[in-house]
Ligand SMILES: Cc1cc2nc3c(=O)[nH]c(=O)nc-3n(C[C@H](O)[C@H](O)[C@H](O)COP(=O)(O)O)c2cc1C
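Below you'll find only one chain, the form predicted alone, shown as structure tokens.
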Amino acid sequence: MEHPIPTGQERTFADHEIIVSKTDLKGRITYANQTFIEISGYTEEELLGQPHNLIRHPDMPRCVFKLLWDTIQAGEEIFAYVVNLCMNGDHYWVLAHVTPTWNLSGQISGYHSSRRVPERKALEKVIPLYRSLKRIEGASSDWRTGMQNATVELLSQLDAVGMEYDEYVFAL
């Protein structure tokens, strides 16, 4: 499936709506609720089995997803602001809450994400931060080095204010 080109048009969803998806351990979508289907523009059949990064917007810093994956693979939950890309190239912001799903043997069997409408005032702080992190990532010819450099910058900023990422998200 081809990745759409961003249009710059933002979509929104109602404050009472929650976008829900579930994935397997590799991030392939195993469940998408109706709100997710409607805002993304994909059908359920188009979403199921696809990697969740199908909706990844190119403006999202890789280092934020690295932090997200490192956290949930360690068995912890995380909250993060994420801009997603719709099938037609429009975008939508969410405050994502991502948690591991555990099987009866105590092993992580997948991941669950509930996404809500973010506060606009929080996005006014997140967007410049993410642009800064993207610039750092883009300054390196090797994407892994760029992501590592941006991760160091993000952790440095969090250390300067004495917060973990989740605390920072809720302080915005």
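The first residue of the shown sequence is 1; numbering continues from there. Everything numeric in this text was worked out from a predicted model, so none of it was measured.
Beyond what is shown, the protein has a form predicted together with this ligand; the following relates to that form.
No clash is found between this ligand, overlaid from its position in the predicted bound form, and the backbone or C-beta atoms here, as no atom lies within 2.4 Å; the site counts as open. Just one listed stretch, out of 129-137, 116-124, 40-48, 55-63, contacts this ligand in the predicted bound form at the 4.5 Å heavy atom level, and that stretch is 55-63.
Proximity of residue 151 to this ligand in the predicted bound form: non-hydrogen atoms within 4.5 Å are absent; the residue sits far from the partner. The closest heavy atom approach of residue 71 to this ligand in the predicted bound form falls outside 4.5 Å. None of the heavy atoms of residue 80 is located within 4.5 Å of this ligand in the predicted bound form. Although the partner is absent here, residue 86 is not a contact residue: none of its heavy atoms lies within 4.5 angstroms of this ligand in the predicted bound form. In the predicted bound form, this ligand lies within 4.5 angstroms of at least one heavy atom of each of the following residues of 98-131: 98, 111, 112, 113, 115, in sequence order.
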